[in-house]
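In structure tokens, one chain follows: the form predicted alone.
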Amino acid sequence: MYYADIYNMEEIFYTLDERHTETVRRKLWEARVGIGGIGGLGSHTAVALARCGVGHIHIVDDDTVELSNINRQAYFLRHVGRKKTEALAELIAEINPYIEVKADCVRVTEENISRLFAEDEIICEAFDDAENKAVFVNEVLTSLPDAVVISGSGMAGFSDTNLIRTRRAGSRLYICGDEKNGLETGQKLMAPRVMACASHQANMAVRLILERKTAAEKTEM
């Protein structure tokens, strides 16, 4: 079912305006957020951003949905065997069919990061491997001087969810998680803590979008 045939853009905008105000909705709708890796962390981050009304969401991953993903990722059994970019774009369209979803089904490498994410203002890092995380964050900060990075670190297992937090680690870097319980500790990823960390990432992205001054607001100052 294509929901744009049932609900028009004005109806969806009206409901968002009622919840967030028109000013907030406009800022979110104009924003561009990229997500590198759309497994448990990235898929839930994307869904949260879509529900908030972020108008341009860029998802990058070359993986396929597997049965073992269902315990913690945003996908459903009907998506098993499909590319994650395709499945997640479909989920976002079911939330808001007017969101512009840019999907790149490619493996992220140090060599293609700057090209893939060149148009994204805020970039969420959502990979499993610690080395891949470090390479991604360092490359974005080095090669994309106008981008802000929100990285996930430490959300494995079933430890206290209240340990997950958002910390500013630099002028353009934020880290979400407990920064202790990663896969390298031997703990497995489970939905509650993964989703909590993803919510921190999405919330930080929303905060950055809404706290940023528009050209008109800067003129008025």
Partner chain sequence: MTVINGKQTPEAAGKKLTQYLEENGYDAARIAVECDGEILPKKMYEKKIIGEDETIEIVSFVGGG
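Please read all numbers here as calculations on a predicted model, not as lab measurements. Numbering follows the first chain given and starts at 1.
This next part talks about the form predicted in complex with the partner chain, which is not shown.
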With a 4.5 Å heavy atom cut-off to the partner chain in the predicted bound form, the contacting stretch among 111-119, 125-133, 74-82, 94-102 is 125-133
The partner chain in the predicted bound form has a heavy atom of only one listed residue within 4.5 Å, and of Leu173, Ala196, Leu28, Ala48 that residue is Leu173
Check your understanding: Is there a heavy atom of Ala191 no more than 4.5 Å from a heavy atom of the partner chain in the predicted bound form?
Key -> no
- State yes or no: in the predicted bound form, is some non-hydrogen atom of Leu163 no more than 4.5 angstroms from a non-hydrogen atom of the partner chain? no
Open item on the list: Whether Ile70 contacts the partner chain in the predicted bound form should be assessed with a 4.5 Å heavy atom distance threshold; does it?
Closed with: no
* Give a yes/no on whether Gly34 approaches the partner chain to within 4.5 Å in the predicted bound form, heavy atoms considered. => no
Residues in 17-46 that come within 4.5 Å of the partner chain in the predicted bound form by at least one heavy atom, in order, are Gly40, Leu41
